[in-house]
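Only one chain comes next, encoded as structure tokens, the form predicted alone.
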Amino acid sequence: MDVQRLELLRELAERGSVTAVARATHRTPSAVSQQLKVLEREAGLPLTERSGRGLVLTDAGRALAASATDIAVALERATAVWDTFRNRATGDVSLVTFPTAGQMLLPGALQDLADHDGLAVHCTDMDPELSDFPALTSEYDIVLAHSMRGQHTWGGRGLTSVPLMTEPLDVGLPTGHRLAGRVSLGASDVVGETWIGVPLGYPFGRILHDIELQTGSRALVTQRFADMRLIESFIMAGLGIALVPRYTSSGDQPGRMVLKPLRGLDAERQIVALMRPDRAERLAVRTVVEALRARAAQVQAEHAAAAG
């Protein structure tokens, strides 16, 4: 069977429609359908079947699509071995991130990669609360994603996940706030406070819910914003308090804002690099991920030194 046709079957399994496969592979839908029919003749079994106006995979099609992933991984692994012998991580690597992680990690990581001749990293950012952010692995080599502990949205997708860091979420307070002198805060300390929240359904909202459960008191959320810089501006203006990521925030702002750790609550998020397993084998992709891990470790070490 032809490897390229197998890859089309895999793309259909992941993207769900011939039109989406055609768009991603720069073919016409009729060309994709034709290649899938050829693959069916080679396999000797029906691989797709009609469902409404589209195509879905049969059991045989799903099994063969899974095998196509294994083949893609093996091919990339073989290429990576050869690149390692040549000591050359070359080629283009595409990356999508959510804005605050990009601000924190990408400038330093790309500076560290500047000496790798022939390696080009192309980055962009998107809203991390898109309905299916991990699905962007179909479009990009590396996806920087985040989730609260135990709330991973990429489980069961067959993706490679590389942890980059665990980031605590602190309470951001205006400098003159009554709690600004505390070393840390518990749920009972913030009862009755005015909160600047995130849109409903965003992961950080779970922590406010946990505070409500602990205290039996409903949190008073007067504003909701997705942009963390906008949230910080409201804190600094004295319009409320908010949950703020420790490393990707503006940090303590003398005379304007202070951050206080939350105790007694699971208040942290995981930042990871997600990849399709074949792309994760590429030496160029692995090199970029290692640069991101190194930069994340440096950020954490710098914060620990400043706090200690």
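Numbering starts at 1 and follows the sequence shown. Please read all numbers here as calculations on a predicted model, not as lab measurements.
Keep in mind that the form predicted together with the DNA is not shown, yet the notes after this line are about it.
- Shown here without its partner, the chain carries 18, 31 and 37, all of which come within 4.5 Å of the DNA in the predicted complex through at least one heavy atom.
- Considering the DNA in the predicted complex, the lone stretch of 66 to 74, 240 to 248, 47 to 55, 257 to 265 in range is 47 to 55 [heavy atom distance within 4.5 Å].
- For the chain shown alone, residue 27 is a contact residue for the DNA in the predicted complex, at least one non-hydrogen atom being within 4.5 angstroms.
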